[in-house]
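Each of the two blocks below gives one form of the same protein chain as structure tokens; they are labelled structure 1 and structure 2.
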Structure 1
Amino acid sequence: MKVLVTVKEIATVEDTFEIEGDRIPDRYLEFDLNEWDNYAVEEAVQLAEERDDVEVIAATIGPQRAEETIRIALAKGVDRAIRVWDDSLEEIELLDVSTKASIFAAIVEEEEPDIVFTGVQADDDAFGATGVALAASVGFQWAAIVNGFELEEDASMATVHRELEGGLEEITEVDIPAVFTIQTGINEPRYASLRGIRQAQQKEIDSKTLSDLGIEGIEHRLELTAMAEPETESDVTLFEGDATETAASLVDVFEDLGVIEG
């Protein structure tokens, strides 16, 4: 059995940052493995540990720099990785979901996995859509926002928990092959062991361009035209000073609110 897991290197902005034009320059960004994908990797690796003959492949769309993040997945037990990048992608500021889905679809057609795990969302762009769009592109079944996953012995079907709003969970049977978008909390992601990190150096990261995947040009339908810090309607009262002083101010608030007696 083959399991494909999509792994994104996401950008987080530092506490203080500036916007230049319609973007935040790299010097204010930190790059890391997307939190949701960390859980997706763990789910894939656990499946490989529970069963014989499971190969886990990680796929990413990202520049050379993203290999650092892919190595984390490899160190946790992913067998090999595919990284897709292209000059034509370099120029695009906001990669739309259909482009990402068609790239992953080409990988799915090449690798023919039985199961694909993606994260629910990428922490930076937060579309929350790539997994389901991929499933529809390749004719797989799917379930979004999965926080419980159980595969039938014969791998024909999975029973999943989908985390709905307000503490309600839906229990759903999904035919395989399928894509599952993995929610945080579904498992306890491992830390990479030293041995894992050493082994990861030997594992293969296959870099591909769009034409390697048989994709001829992409239709670019989204344009990020402006970026700004949200205008706040906030009328927050901020207390300043050292911790003793701010604590005293908060105690005054508690008294005013009647939470404690003055």
Structure 2
Amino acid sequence: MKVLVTVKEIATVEDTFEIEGDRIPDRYLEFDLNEWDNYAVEEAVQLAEERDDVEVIAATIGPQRAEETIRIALAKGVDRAIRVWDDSLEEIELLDVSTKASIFAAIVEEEEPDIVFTGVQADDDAFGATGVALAASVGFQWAAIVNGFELEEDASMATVHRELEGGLEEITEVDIPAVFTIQTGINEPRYASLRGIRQAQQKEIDSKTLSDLGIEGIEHRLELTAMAEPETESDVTLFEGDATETAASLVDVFEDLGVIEG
């Protein structure tokens, strides 16, 4: 059987940065594997370790730089990877859900996986909808916010635990093929070993354009018009000095606020 994991390279911003126009320059950014996708990768690799017939493929949408990130997944046990990029995607600052879903749907059509794992959401855009949109595009069953997964021996069905609002949990059965969006905490993602990192350098990353996937054009629906630092609603007071001095300063603040009487 074949398991496809969708992964994303996300950018984290340094504590001190500048905004230039509608973007933060790369010099203030560090790139890494999306946290939710890390758990999805681990779930796929664990499944491959439990069964002898599983091939795990990672797929990402991103420029050449993203190959370093997807090699993290390869180092953790993914068998091979697919990276999709195109000149038409180069100038798009924020990919919308339908565009991402249509690209991943083309990969699903080509690879014909039995199971697709995605992260619940991405650290940067936090849409939380790509996995479900992908399932709708390819006609797969789906389960979202999965924090427990067990595949039947004949691989025809999976029993999943889903995290619901209010601290509730749902246990349901989902027919395969299906898409599962994976929640953090479902497992303990492994670190990439030195051996795994070395092996990842030899594993295949298949670079594809949109035309390679049979996509002749995309209808992009989002436009990033501006970017600004969020405004704070309150000031922060930093007390300096030893414990006695800072405690006295804190008492003064509480007295001024009327919390305690002087």
Partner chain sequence: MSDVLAVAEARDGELRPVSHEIASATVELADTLGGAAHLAVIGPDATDLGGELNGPGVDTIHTVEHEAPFSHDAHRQAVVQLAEQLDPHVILAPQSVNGMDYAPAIATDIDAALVTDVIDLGDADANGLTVTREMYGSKVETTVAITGSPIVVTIRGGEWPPLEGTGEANVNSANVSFDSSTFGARVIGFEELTAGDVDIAEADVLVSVGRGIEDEDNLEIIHELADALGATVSASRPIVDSGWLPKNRQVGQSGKTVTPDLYIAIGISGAVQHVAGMKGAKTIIAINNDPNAPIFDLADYGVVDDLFDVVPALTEALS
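We call the rigid core whatever largest set of C-alpha positions still superposes within 1.5 Å between the two forms. Counting starts at 1 and follows the sequence of structure 1. Predicted model, so just to flag it, every value in this text is computed and none were measured.
Participant: Sort out for me whether 1 or 2 is the form predicted in complex with its partner chain.
Facilitator: It is the first structure that is the form predicted in complex with its partner chain.
Participant: Which of the following, Asp53, Asp87, Ser234, Leu194, is found at a hinge in the chain, given the rigid-part motion between the two structures?
Facilitator: From Asp53, Asp87, Ser234, Leu194, the hinge pick is Ser234.
Participant: Would you kindly give the rotation angle of the smaller rigid part between the two structures, in degrees?
Facilitator: So the smaller part swings through 39 degrees relative to the larger one.
Participant: How many Å does the Cα of Phe239 travel between the two structures when the structures are matched on their rigid core?
Facilitator: A shift of 3.6 Å.
Participant: Taking the rigid core as the frame, how far in Å does the Cα of Phe254 move between the two structures?
Facilitator: Once the two forms are fitted on their core, the shift reads 7.7 Å.
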